[in-house]
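We've got the same protein chain twice here, in two forms, each standing alone as structure tokens: structure 1 and structure 2.
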Structure 1
Amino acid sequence: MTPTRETFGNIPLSSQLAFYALAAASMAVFAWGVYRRWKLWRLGTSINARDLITGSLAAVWQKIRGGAKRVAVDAGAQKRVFGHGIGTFAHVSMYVGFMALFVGTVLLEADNVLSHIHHALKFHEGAYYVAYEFTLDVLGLLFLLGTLFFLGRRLVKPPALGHRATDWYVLLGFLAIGVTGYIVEALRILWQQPTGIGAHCSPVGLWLAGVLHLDVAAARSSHFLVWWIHSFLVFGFIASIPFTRLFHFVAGPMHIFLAKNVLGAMPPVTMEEVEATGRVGPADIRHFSQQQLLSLDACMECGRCEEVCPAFATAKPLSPKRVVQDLKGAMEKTAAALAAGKEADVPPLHGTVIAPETLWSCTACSACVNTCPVRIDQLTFILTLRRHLVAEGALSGTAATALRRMQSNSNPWGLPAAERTNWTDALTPKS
């Protein structure tokens, strides 16, 4: 007997139709949630994204090649996630397990559609079926292991990690989806009673079926009930993505695609631009680009930027993660004020959202941008905000002191000008 199974085995037609109706509803909520965030990004200055897809095929590829490579390496291969100990292993486990289950569900639905078009197009059987079932059974365990690790981390609450009430919903939802998926599989094995490789290719489901130990009638009724619970959990998960930290699934790859290859580099300001806008540097959130506003939604508050920040480590009033989250809050408040027609309620960035002391605390070492998994450019946010302060005559702190010393002594340390190069004496430059 060829190993295989029905896609909707034990599920009546009425439930199948209800399943597709709920799937459409959850996708509609997902699309509406993404649209709400997209409107926020449009507050920023245009990046002419449409230009990326205009021109010949070769010209389009030339323009998107860099972004596509970054998405493949940084998001697909998770390159920038590595280097964080067991946290890296847990994230990669969850990511690999999730992607395997997602691709497996898409393939299952493709087989269902094709087999309804013509029975000869059915491919979910034989050797493919065995490999498919075994792969998803094993990688599903990786997904659960990663989820359990992050649940444990929520209990420990590392100080650098952001915490929201919805994080518990997300992680407990993941756990419930994974566990009910295995129970559905076990109950299916109990009522379908496959033999040989058709049963052993699902080792976790087969083991769980032995634990449940139900007769065929009880297995069928239980399978129907748990299948619906599992489906509701999945649809709830899809619909909630844009409203939880899970939104980095969407915003992260989009931002990685649009991000610059070199982070932390100050964009030049031309006199024409200053004459046109009447300002130097951003004064409110609308003066950042659409790509920069998108990056605010890509942040998942992992805290890596804060952990490597020398200013934060020395108790200065700067956390790169906090800067990004404060700007994200300003973006949302600005959108709400404009929607209500209250321009006066748009929060000014300087003083209200970001204190000058926070900006002057940055050492511009680039550690935050180099460690961010989704290429958020915290340094450019800070430096361009500083640029506005300088243009407004609000230069202060060590930077102002160094400039005054340069003016009076030609030495930023306040020592005699003749001693300016003394610090180079101990260096042994390569010849």
Structure 2
Amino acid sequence: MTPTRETFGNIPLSSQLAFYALAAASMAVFAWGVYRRWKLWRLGTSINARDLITGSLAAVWQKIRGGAKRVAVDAGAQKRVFGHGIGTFAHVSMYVGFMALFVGTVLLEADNVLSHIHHALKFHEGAYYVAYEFTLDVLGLLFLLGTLFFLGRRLVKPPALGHRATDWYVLLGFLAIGVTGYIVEALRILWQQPTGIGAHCSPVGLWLAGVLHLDVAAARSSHFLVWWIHSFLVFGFIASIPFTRLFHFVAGPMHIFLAKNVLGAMPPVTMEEVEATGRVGPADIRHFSQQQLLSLDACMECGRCEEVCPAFATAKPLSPKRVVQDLKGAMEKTAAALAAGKEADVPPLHGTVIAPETLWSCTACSACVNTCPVRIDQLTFILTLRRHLVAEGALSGTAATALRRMQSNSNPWGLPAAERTNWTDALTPKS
């Protein structure tokens, strides 16, 4: 017999229909959640995202290939996650396990749909089936391993790592999804009683089946029950993506696609812009670009930027992670104020959201930008915010003096141009 299994084996039609209804509902909640965040990003200045998809096919490809490559390398191959010891290892194993299970589920559904169209289109059998079952069975372990590591790290709570109550829910949910998945498999093996390679291609499931040791009837009824629990967990997980840290699945790759990050470059401001807007530098959240606002949602508070920040390390009032999170809070508050029609409640960024001392503490070293796994540009936020303070005359002390000297003498020392070549005198000692 060719090794295979029925897709909805042991699941009556009524349950199958309920399953699809729930699937649709969870995806609707997901879409609504994404839409809510997307509306927040729309508060920013336009990045003309539509331009990306206009023109000939070749022109579109030209415009998106840089972004597509970044997504493939930074997110797909997890390049920017690397370099963080065991945390990297755990993230990558969780990611690989998760992606395998995700792609596996999509393939399973594709097979289901195709086999309904014509039974000859069914591909979930034979050697493919064996490879499929084995891969998913083993990679599921990676997923669980990563989840366990992150659960452990939540207990230890490294200082740079952000933490929200929903993180427990997410991680415990993952754990439950992984474990119930294996139990469903074990129970299926127990009632289906596959023989030969068909049984051995899921080693973890087979082992668990041995441990559970149920007769066929008991296995059938528990299989039905656990299958539903597993399904509920998965749908709950899909629906909660936009409302938890898991949103980085969506915002992370989107931002990586849009963000180029040339270190050491800053966006210019023109006099025309200043005349048109009546201000220099951002004063409220709407003065940032849509891409910058999206980046705020891509932050998962991993704390890597804070760990490398020399200002933070020397106890100055600056953490690049905090800056990103505070701006994110301002984005949410601004949207709420505008939705309520209360323009007056839009929080001013300076002073209220971010203290001037925070902005002045930055050395512009770019370490944060260089390390962020989702290419958030914390430095551009900080440096453009400084522009507003300078325009308002809020910089004082020695730095303000240096600027005045640069204005009057074209150098921060404030010495006359005539003395610029004094250093050359010592090259030819006078006799």
Partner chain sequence: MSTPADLPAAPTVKENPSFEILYWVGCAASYDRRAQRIARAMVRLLRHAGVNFAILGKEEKCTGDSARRLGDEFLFQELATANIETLNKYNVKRIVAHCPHCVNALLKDYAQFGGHYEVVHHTQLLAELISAGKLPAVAGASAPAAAGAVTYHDPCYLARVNGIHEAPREVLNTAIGGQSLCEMKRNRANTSCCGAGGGRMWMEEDPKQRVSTQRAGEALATGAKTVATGCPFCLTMMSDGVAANGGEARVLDIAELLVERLGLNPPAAPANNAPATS
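The first residue in the sequence of structure 1 is number 1, and each one after it adds one. The shown structure was predicted, so the numbers you read here are calculated from the model rather than taken from an experiment. Rigid core here is just the name for the largest C-alpha set that superposes within 1.5 Å across the two forms.
Of the two forms shown, structure 1 is the one predicted alone, while structure 2 is not. Core-superposed comparison between structure 1 and structure 2: the CA of N411 exceeds or equals a 2 Å shift. For A399, the Cα coordinates differ by 2 angstroms or more between structure 1 and structure 2 after the core has been superposed. The Cα shift for W423 between structure 1 and structure 2, taken after rigid core superposition, is 2 angstroms or larger.
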